[in-house]
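Only one chain is given next, in structure tokens, and it is the form predicted alone.
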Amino acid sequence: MRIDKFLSNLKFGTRKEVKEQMKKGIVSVNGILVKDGSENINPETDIVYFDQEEIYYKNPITLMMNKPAGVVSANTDAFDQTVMDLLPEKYQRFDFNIAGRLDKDTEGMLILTTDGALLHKIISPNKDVYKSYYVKLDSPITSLKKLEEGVTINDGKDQPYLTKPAYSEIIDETTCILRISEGKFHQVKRMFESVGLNVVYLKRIAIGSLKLDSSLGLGEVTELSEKDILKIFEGI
């Protein structure tokens, strides 16, 4: 890959701006100054510095984030802090997509990836990738059988929608685990509202068989390995 294209892709400027910067002698490859933007590099193996900053590069990259409440699942937002704002600086130059968004007030596991094929595989409705949620309710649970069979809720466009069967596990009188394979707007909250219960705390704890890393603090991320990613699709 041409080095001017590499640096431009990582948001160091337009191709023209990068070429101008390179003429100042601030770019090196494997310890050698490079001033010609047309020089080819191997991003996977070459060590590139831009203005004394070693450039981190990997393609693709998939991250797990422990999303805090109060942060929106979006790339940009005019009013609220986004999950992209929480990324460590070395990841800020990459264009991540969110594989299954969480509501602003919901905590827990998010997958961020630069891999378009993986993104589609996770969020595609016909893939039946189950997401597991820890749910705290405002009233005692009597039965979750209706949720397991499917309930009618309003989707994000306020149209009636019959949910697919869910799986549930009651932990105590007001707490349970719910597993669903869909992601309609406010779906978990609306499902419980349909049976007369209100969600007071919601946290996604797993996608497929991949569980939220218990060592991740709120807002922290970790890179996923190929082995980790395969766990998302176990049993499908």
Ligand code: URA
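Note that the coordinates shown come from a computational prediction; the quantities given were computed from them, not determined experimentally. Note that residue numbering begins at 1 and tracks the sequence as displayed.
The discussion below concerns the form predicted together with uracil (URA), not included here.
Going by heavy atoms within 4.5 Å, which of 55 to 63, 185 to 193, 169 to 177, 32 to 40 lines up against uracil (URA) in the model of the complex? Single hit among the candidates: 185 to 193.
Do residue 102 and uracil (URA) come within 4.5 Å of each other in the model of the complex, heavy atoms counted? Contact check for residue 102: yes, within 4.5 Å of uracil (URA) in the model of the complex.
Non-hydrogen atom contact residue 106 with uracil (URA) in the model of the complex at 4.5 angstroms: Yes, residue 106 is a contact residue.
Residue 133 within 4.5 Å of uracil (URA) in the model of the complex, heavy atoms: Contact check for residue 133: yes, within 4.5 Å of uracil (URA) in the model of the complex.
Is residue 206 close enough to uracil (URA) in the model of the complex to count, meaning some heavy atom within 4.5 Å? Result no; residue 206 lies far from uracil (URA) in the model of the complex.
Though uracil (URA) is not shown, can you say which of 197, 202, 210, 48 has a heavy atom within 4.5 Å of it in the model of the complex? Going through each option in turn, the one that passes is 202.
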